[in-house]
Ligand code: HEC
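Only one chain is shown below, in structure tokens, and it's the form predicted alone.
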């Protein structure tokens, strides 16, 4: 078994549901499980389950527990039988719909003449489930194998009882329950190595979807794989439709995660606000938008957190980017003579999950715009991996008698004051921010001034500094997460960069 389990390069949860209005069927257990007569463990078709007692499966109401364990005719012996059992047992609501949709992702197929790391993400569209309720993935797929005989499948499913995702592994005719979203978020289970926020993960969540198929950009080698295994893969999806489903899945678990942590008895205010202070999850994006085209501009999200609400485009000389690549000695390991990914300037960024989470905190009245920007503008030129900003989480009270924006602000300010922070420290800066409850426009203006300073610099020295800083964030993703599994995913640079490196917020020059 690969460790950590579910360490997908792009694990996602998605399902193109059969019913446009799932709420109309939310009390109908005929296809989704939960009937009392299904909860007697002696009646389960598959009893080869580890990680959870069979009796405790009564509390689990996800499609894997329901259809492949409780209602299964027997334990599936391999992938082919698993798919066949779902077709038999999970048949309601399937008529006239594509039961399976599969997307292929490969970290090297677009840049290596001999690609070898294809993976699949398959979803099943039946029942009254929402369109993000069930997925599974196969690793190391090729067009020469007998896919039906595979005996290892990584799976993820939405639990109707908890509103969270459950992580499962099918291996050798048995199922292992690994844990749920909160356990992954807390790093209490091995799935947390990749599912760092407890959500669903599609690393390349934005156009141009670096390593995914796109409608106008078939993935090299994909035709042969679908031709060989079409019956077990179903419809052919792509990165664009998958992004929509991933975002819907994340929204679903964000609501449940917030609800669990905001209960006063949970004493989990710090967990509730962690994504505001610390980057839990990472996405990959790219500055280029055309295959192997020169880089002529960058959006602001290559430099600052989109949750700051500042958008701007920096125009660049493509020749300056080419020269800067040579200066920093950038290369793409594993692919000789290549210095960049298919789309120029691949960079790590704060995840779409976190941006959606922060928006949800605002909708729920747990933070307001001013508090959001008070925190995010601390060390804002390091939107990822900011030790200064993340270190401020310690000042958030573990518990509060009332959990709302005003109470959180007051509790945070009191803890900061009690610490007597040193002048110029991140803690002192945050106290200054909190003292003005109407400084959101000033925060945004500071960010705009930074971007203007970047745009005013000569292109080549600016890009050299940016590439050095980005090299640091790429290396941190490699060293602190389990998300980068192949050398071809992100470029490397030959330059050495200090761990505290950042772009100066006033001058946009590299500070080390």
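All figures in this text were calculated on a predicted structure; none of them were measured in a lab. Residue numbers count along the first chain shown, from 1.
Unshown form predicted together with ligand HEC; subsequent notes refer to it.
The closest heavy atom approach of residue 154 to ligand HEC in the predicted complex falls within 4.5 Å. Of the heavy atoms in residue 137, some are within 4.5 Å of ligand HEC in the predicted complex.
Residue contact check for residue 482: one or more of its heavy atoms lie within 4.5 Å of ligand HEC in the predicted complex. Taking non-hydrogen atoms only, residue 353 never approaches ligand HEC to within 4.5 angstroms in the predicted complex.
If you check ligand HEC in the predicted complex, you find no heavy atom from any of 82, 228 and 236 within 4.5 Å. Checked against ligand HEC in the predicted complex, the candidates 212, 175, 347, 357 yield a single residue with a heavy atom inside 4.5 Å, and that residue is 212.
This chain lacks the partner; the member of 298, 200, 276, 109 within 4.5 angstroms of ligand HEC in the predicted complex by a non-hydrogen atom is 200. Of the candidate stretches 251 to 259, 336 to 344, 361 to 369, 186 to 194, only 186 to 194 contains residues with a heavy atom within 4.5 Å of ligand HEC in the predicted complex. Taking ligand HEC as it sits in the predicted complex, the stretch 106 to 132 comes within 4.5 angstroms of it through a non-hydrogen atom at 119, 121.
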